[in-house]
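One chain comes next, on its own, written as structure tokens: the form predicted alone.
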Amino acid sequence: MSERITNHPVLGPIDMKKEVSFIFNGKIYKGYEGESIAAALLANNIRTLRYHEESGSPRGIYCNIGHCFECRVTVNEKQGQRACLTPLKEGMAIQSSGMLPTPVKEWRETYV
């Protein structure tokens, strides 16, 4: 976890909690219990969390406060979880979200 901030210039030293293991896209990583999934992924140098539904372009952390939905991942088989708001727990299975179907667009194409 070489990318982790341990001494913030404004907040001071960051207290580390219990270290836990989690799986992201089939690979095992370490993080700290209770930190956001986004923070754990960033600390492990992971920047791409999903791919845009239509273009397939990589998406990552954008607002990091739960407003934009750019950091949606699948957590323990539950799609659409925001990595910036979901606390990390031991053994979580997290997957980046691939290109998802866009039902409204597909429906329009069928009837246009």
Partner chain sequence: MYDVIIIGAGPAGLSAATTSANEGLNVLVIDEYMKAGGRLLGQLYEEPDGTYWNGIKESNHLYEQARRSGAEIKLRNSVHNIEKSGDVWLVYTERATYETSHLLLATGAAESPLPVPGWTLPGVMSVGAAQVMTNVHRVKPGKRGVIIGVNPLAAVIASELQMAGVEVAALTLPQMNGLNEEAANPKQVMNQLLHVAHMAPSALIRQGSKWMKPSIMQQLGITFYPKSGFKMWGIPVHLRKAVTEILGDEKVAAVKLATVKPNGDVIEGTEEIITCDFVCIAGGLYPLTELAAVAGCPFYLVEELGGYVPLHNERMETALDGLYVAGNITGIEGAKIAIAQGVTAGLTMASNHGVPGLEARIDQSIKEIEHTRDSAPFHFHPDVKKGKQIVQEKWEEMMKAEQPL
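This one's a predicted model, so the numbers in the text were calculated from it and none came from an experiment. Numbering follows the first chain given and starts at 1.
The same protein also has a form predicted in complex with its partner chain, omitted here; what follows describes it.
- Residue contact with its partner chain in the predicted complex: residue 73 places no heavy atom within 4.5 Å of it.
- Put simply, residue 67 is close to its partner chain in the predicted complex: some heavy atom of it is within 4.5 Å.
- Its partner chain in the predicted complex comes within 4.5 Å of no heavy atom belonging to residue 30.
- In the predicted complex, its partner chain lies within 4.5 Å of some heavy atom of residue 14.
- Residues of 46-64 that come within 4.5 Å of its partner chain in the predicted complex, judged by any heavy atom, are 47, 48, 51, 58, 59, 60, 61, 62, 63, 64 in sequence order.
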